[in-house]
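Two separate entries follow, structure 1 and structure 2, each one form of the same protein chain as structure tokens.
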Structure 1
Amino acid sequence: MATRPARSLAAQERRFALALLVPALVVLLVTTTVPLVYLAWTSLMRLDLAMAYLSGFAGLDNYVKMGSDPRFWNSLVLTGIYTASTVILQVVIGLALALLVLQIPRGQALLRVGAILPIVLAPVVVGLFWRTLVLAPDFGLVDLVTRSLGLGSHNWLGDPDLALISVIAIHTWQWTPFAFLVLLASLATLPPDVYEAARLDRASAWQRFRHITLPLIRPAVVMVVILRTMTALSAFAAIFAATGGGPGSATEILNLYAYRTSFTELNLGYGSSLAMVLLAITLAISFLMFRLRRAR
């Protein structure tokens, strides 16, 4: 007698859950999965809006073309450099600053307000600020400093080598506060008694960090790395506003190359195949990192 109501309760719970879940799943299916299937299809097409009469099925031509496309390989290398350097800089600076700030008894709220500012700004506006007020030759903030120090003026966004460093700096500037805030919150939850014990054992500051702090905040660090990697792989607006991918293709990460191919050169077929590669890289990295997170 007692099992029947329990079983019907479970059935009722199942029906209720599905009713709540189905709208979201249907919307996600229609708005994300179906378009991706279409993308896979267009990546097999010759689809050039500038030469529409040539459009048609092309098999794997677009993918074969990548092999001998130096601009594609260049964009892959730049994506690697851009992603690795911005993520490492954000985590290292963010963690160092969080460890420092944790030891300041007062004024943390003020620091938080300051740190939130870059996060809430639109990346395109950040790119514009840096292009004009911060990095412009002669009158930008950076040049005002280098000029007054006698180091002269530099074309921070116009020189190919400097431009890559500049867009990395812009990204790091905007998103380090994210790593800082999350790691600060994570550090604040650590139990103080562990540290007391370690101190009694005369563990050095480095030993305490290496063997107590780091293992305890590892999940938060890994999560920050995953999220920041995803953002860096899809970085667009700030670079687009600051350099447009240039000069030449000096700051053209894969995301920008796919965009320019599709919407500047209107070659949507090849653009689709480039987007497919970005998609594959992004999903592969997130899959690997989530496995890494669960390991240990």
Structure 2
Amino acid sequence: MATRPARSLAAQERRFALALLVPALVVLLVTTTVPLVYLAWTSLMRLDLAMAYLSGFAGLDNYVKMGSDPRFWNSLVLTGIYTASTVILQVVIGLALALLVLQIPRGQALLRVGAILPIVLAPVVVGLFWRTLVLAPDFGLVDLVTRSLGLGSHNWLGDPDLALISVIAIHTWQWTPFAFLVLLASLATLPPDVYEAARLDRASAWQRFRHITLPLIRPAVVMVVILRTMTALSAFAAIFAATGGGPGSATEILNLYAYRTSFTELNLGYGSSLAMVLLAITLAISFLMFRLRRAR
């Protein structure tokens, strides 16, 4: 008889948990799954608002069209360069800063607060800040430095050869503090006994870093790489605010190409197919990284 009230209480708790879960699950499905399904359906349509009379079901024509679209391949290459460069720079600079700050006994709390500031800024604000104050020709901060060093003035965002480097610098500046904070927290938890034993064995600083520090913080590094890769692949606002994808298509990564195709050229069907390709790339890279992480 005593088990019956216990079962009743457990059933009530399950019903209460379900009542809390269902509304959130419905909202999640409505705001994420439904738009994705609609995006996938639109990618199979010939939906060009400039030529609405040609609208209809296109099947895989939008995807076949990408094979002969040089602008698509250019945006795909730019996406790869942009993602790889920003992620590598963030991890390397973030780890170097974390190792440096760890040697500072006082003021670490202030440095952590300062590191948070670029992260909390909206990407649009970051893009406009760099465009108007840092990389502006003639009176921007970078131009003042280059002219004082005798290197002359440059149109950092208007020169096709410099624009991609500039947007990589913008993204790296905003998100390196994230890698710095995560890696600093991971380094702070490492056991000092291992390092004392390594010093007694006369291991050099590089040997301690390579054989002790890196293996111990590897899980944190992998998570930083995964998270930063996903952010870089979906980057949009900062580049759009700084260059708009220009000059020409010098900074037109795949995300921006999909936006321009859909909302500037009004070819919603082809733009949706570009977005679906970006989604597939993001999911594939995420799956591969998590598989590698579990395998190791």
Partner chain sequence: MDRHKYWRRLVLAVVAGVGVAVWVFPVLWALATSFKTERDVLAYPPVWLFEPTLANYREVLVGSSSIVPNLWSSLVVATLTTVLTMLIALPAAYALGRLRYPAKRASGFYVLGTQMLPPMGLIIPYYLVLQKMGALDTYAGLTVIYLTFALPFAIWLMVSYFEDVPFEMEEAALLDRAGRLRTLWYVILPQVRGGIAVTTIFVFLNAWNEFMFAVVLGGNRVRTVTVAMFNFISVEQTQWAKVAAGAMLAMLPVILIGFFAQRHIVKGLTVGAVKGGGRR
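Here the structure is a predicted model, which means the values were calculated and not measured. Please note that residue numbering is based on structure 1, beginning with 1 at the start of its sequence. Rigid core here is just the name for the largest C-alpha set that superposes within 1.5 Å across the two forms.
- [ ] Look at both copies of the chain and name the one that is the form predicted on its own.
- [x] The form predicted on its own is shown as structure 2.
Task: Core-aligned CA displacement of residue 288 at least 2 Å between structure 1 and structure 2 - done: Shift at residue 288: below 2 Å after core fit.
TODO: Align on the rigid core first; then say whether the Cα of residue 31 has moved by at least 2 Å between structure 1 and structure 2.
DONE: Where the cores coincide, residue 31 still shows a C-alpha shift between structure 1 and structure 2 that is 2 Å or more.
Task: Cα displacement of residue 14 between structure 1 and structure 2, once the rigid core is superposed (Å) - done: Comparing between structure 1 and structure 2 after core fitting, residue 14 shifts 5.6 Å at its C-alpha.
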